[in-house]
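One chain is shown next in structure tokens, namely the form predicted on its own.
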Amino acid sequence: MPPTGLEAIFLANRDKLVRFLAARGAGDAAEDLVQDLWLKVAVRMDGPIANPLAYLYRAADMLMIDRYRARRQEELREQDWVEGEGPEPPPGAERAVAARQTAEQVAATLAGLGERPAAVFRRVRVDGIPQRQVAAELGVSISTVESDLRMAAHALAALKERIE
């Protein structure tokens, strides 16, 4: 079965796409970029395209730009290593580590309250289960659930003060 739609237009203009990418600075990578473009076109499942040839040229150009950016980032990382600085952590890495440590402290604080208060806190505050339902699940009164929530809130407020 012969290709139709976008695939047919791609195959009819493949050589032009290679020349376009080579002229835009892709050099020897032009063939690889066109192959990457083919892989994207082959799995494309959304609706029809008003101007498929323009779409292919734009997609090819974007692939080349992405490859250039990736190569540039790689060169910068390599330069940092050569100069002995090593890579800098991503801007959010320190925040992610701090968030993970805080989450561990919260878990430890809740575990220190006992099994039931920790379970009540998770079910009500994290899972969003109504207090009445949690009381029924645990076989305790609503006032016990409220007391456990207050205890957890006080413990977490104290933890927050220690952290800050």
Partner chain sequence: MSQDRLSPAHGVDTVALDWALRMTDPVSADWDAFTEWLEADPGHAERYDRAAATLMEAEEALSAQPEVPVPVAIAPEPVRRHPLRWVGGAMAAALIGAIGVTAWQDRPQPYVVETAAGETRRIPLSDGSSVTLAGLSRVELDHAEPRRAVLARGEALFQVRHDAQHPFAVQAGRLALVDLGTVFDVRMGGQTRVAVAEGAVMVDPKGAALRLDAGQAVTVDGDRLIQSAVEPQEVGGWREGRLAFDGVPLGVVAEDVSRFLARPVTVAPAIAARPFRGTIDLEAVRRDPAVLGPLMDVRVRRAATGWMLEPRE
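Residue numbers count along the first chain shown, from 1. Predicted model, so just to flag it, every value in this text is computed and none were measured. Between two forms, the rigid core is the largest collection of C-alphas that superpose within 1.5 Å.
Although not depicted, the form predicted together with its partner chain is the subject of the following passage.
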- Considering only heavy atoms, tell me if L11 and its partner chain come within 4.5 Å of each other in the predicted complex. no
- Is V106 close enough to touch its partner chain in the predicted complex, meaning at least one heavy atom pair within 4.5 Å? yes
- Interface membership of D32, its partner chain in the predicted complex, 4.5 Å heavy atom rule: no
- Task: Look up in the predicted complex whether G139 has a non-hydrogen atom within 4.5 angstroms of its partner chain, and give yes or no.
- Result: no
- Query: Judged by heavy atom distances of 4.5 Å or less, which residues of 54-69 approach its partner chain in the predicted complex?
  - Reply: A54, Y55, Y57, R58, A59, D61, M62, M64, I65, D66, Y68, R69
- Message: Does D66 move appreciably between this form and the one not shown, meaning a CA displacement of 2 Å or more on the superposed rigid core?
- Response: yes
- Query: Is L110 one of the residues whose C-alpha moves 2 Å or more between this form and the one not shown after the core fit?
  - Reply: no
- Query: Core-aligned, is the CA shift for G27 between this form and the one not shown 2 angstroms or more?
  - Reply: yes
